[in-house]
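One chain is shown next in structure tokens, namely the form predicted alone.
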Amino acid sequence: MSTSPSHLLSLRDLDRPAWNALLEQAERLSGPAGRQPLLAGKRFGSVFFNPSLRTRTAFDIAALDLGAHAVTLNVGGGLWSLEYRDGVVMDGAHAEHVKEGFAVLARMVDALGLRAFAGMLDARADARDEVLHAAARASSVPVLSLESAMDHPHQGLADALTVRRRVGERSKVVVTWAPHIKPLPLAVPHAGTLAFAHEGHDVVVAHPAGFELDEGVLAAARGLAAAAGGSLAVTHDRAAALEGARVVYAKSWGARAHYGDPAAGAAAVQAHPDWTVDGAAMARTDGGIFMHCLPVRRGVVVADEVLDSAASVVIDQAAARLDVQKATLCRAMGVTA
């Protein structure tokens, strides 16, 4: 069965039927259907500006399992350095523009993936997701975001699928800020918040003052939650947020006020060590599960007693990436299992 292929740039772009169809397809592809040559003869190219373990591996294996061929390119490591801004005189380090680079790649493959993290120098520029959108404009085939400045759709899909499998019904889900050694982008907390809102959970985003998520993302999440019968709240009181929670999703992110100032950003994320998720924090929950996107810094973001406990589902969560990425590959190439 064929469907119309399309980009997947953000979880905000998916309507309710498309969201449910992807997760249902992912569940089907977690079984024997996921080892059938549904994409025989198809080609998938991915371009990484930044490192990857789960995303890259899951797409390579997904393509293999479904009969497609995957080509992975690393910017600055075997691939020309790419410019993405319009109207720039290219007399610097960038040898090729995405206009030509992605236009050529699109003539050779059936879908493309792109990972380009936030620059964390200019919050307004990051909010525009300029690299991702420049590549999508240049491509004549569907482009999948493999994490951008503002969103990580495949992580959010895997998060939602994990909670469907482990919890099921509408529940209180806490997306909590955690300490770190350096400021990190907002893409994962955005994706988790949007994903749980799509699912109709009662989502609580907890963080210290000054670590606000993007208001446009929060507005979209509120709309998604309301449409799905859930809710969204934001608080600076983590203890109250954790009371009765069934899911605790920990992730560190930087304060946008410190973009462009790494020293101030690092000091800010190190200023709240009491936000580390430990056994006492999890004891406030209603037998809650612990989630994190990985990689995670033990003893900084989360205590070993939590990460090594039966409450931790981080490995199942990471493994779900393979299932959802099979589903998005099929969607991009117009195939339904």
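Quick note: we count residues from 1 along the sequence shown, nothing fancier. All values derive from a computational prediction rather than experimental measurement.
Not pictured, yet referred to below: the form predicted together with ligand CP.
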| query | finding |
| --- | --- |
| Partner-contacting position among 53, 271, 280, 64 - heavy atom within 4.5 Å of ligand CP in the predicted complex | 53 |
| Proximity to ligand CP in the predicted complex, single hit among 26, 47, 293, 301 (heavy atom within 4.5 Å) | 293 |
| Contact stretch among 223-231, 147-155, 202-210, 167-175 - heavy atom within 4.5 Å of ligand CP in the predicted complex | 147-155 |
| Contact test in the predicted complex: residue 198 vs ligand CP, heavy atoms, 4.5 Å | no |
| 4.5 Å heavy atom contact, residue 115 to ligand CP in the predicted complex | yes |
| Stretch 182-211: residues contacting ligand CP in the predicted complex, 4.5 Å heavy atom cut-off | none |
